[in-house]
Each structure stands twice: as structure tokens, then as C-alpha cells.
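Single chain ahead, by itself, as C-alpha cells, in the form predicted alone.
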């Protein structure tokens, strides 16, 4: 399962449509809170997380998901400059980051 946590509806829908067109199962969420309450990620899953979410910050969501007993693969996505990404991910530097504008091949590397 592929999870997408992205507040921009057009980006979220585009990513979901791309994965679905490849017959990959995915679920999309507008914020971290809805993801945490409705999703059940497992070790074989991938979670794409926008770093700049409303409410629970993307970096905080990444930390929560990474702390799960059977944590899935986590990939951060961001359109911010590299210095802001580095500032937002100080504790989780091993999390790969895909920069916006997103390209299909950049996302498919992780699924």
C-alpha cells in the first residue's frame, strides 16, 4: 500500500492517479491527523509525507510513523529550498526527500 499525506489537493490527486494508473494501491490524506486516525501502515508500505502540512507538521508525522513497531518506508516531499528542508528534518536525516515539482520516476524509485 502506498500512502500519500499532502495538503495540496491537486498534488495529492495527481500522485494518487499516477500510482493508480500503474495498478498500485494507494490512499491519500490531506493532513497528518487524518492519516494517523484512519491509516494502518505496515512494514511493506510506503508513506509519502509533505513536510509542510497544516496542523501536525510533516516532520512530526514522519517521527511518529518511524516510531511504529513495523514502520513503513517513509519519503518526505517538499517544494521548499534545501536549507528549509534540512532545518525541518534535523532528527530524521535518513529520510529520503523528493523535491517538487515531482516527477513520476522520482516517486517510483521508492515503491
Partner chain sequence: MVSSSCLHSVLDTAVNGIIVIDDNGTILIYNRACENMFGYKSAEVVGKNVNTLMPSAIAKQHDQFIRNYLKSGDPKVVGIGREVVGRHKDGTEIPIELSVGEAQTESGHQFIGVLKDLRATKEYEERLRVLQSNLVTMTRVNALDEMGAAIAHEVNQPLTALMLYLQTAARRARAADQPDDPMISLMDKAVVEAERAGHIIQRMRNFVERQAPQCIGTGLATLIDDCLELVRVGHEADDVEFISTFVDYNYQLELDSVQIQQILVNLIRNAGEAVKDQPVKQVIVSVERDDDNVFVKVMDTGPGLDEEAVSHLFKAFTGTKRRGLGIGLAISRSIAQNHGGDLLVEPYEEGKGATFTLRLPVNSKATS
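Positions refer to the first chain, counted from 1. If you're wondering where the values come from, they're calculated on a predicted model, not measured in any experiment.
The same protein also exists as the form predicted together with the partner chain; that form is not shown, yet it is the one meant from here on.
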If you check in the model of the complex, do 11, 14 and 99 all have a non-hydrogen atom within 4.5 Å of the partner chain?
-> yes
Contact between residue 79 and the partner chain in the model of the complex at 4.5 Å, heavy atoms?
-> yes
Distance check, residue 25 to the partner chain in the model of the complex, heavy atom within 4.5 Å = no
Within a 4.5 Å heavy atom cut-off, is residue 18 in contact with the partner chain in the model of the complex?
-> yes
Answer for residue 42 alone: is it within 4.5 Å of the partner chain in the model of the complex, judged on heavy atom distances?
-> no
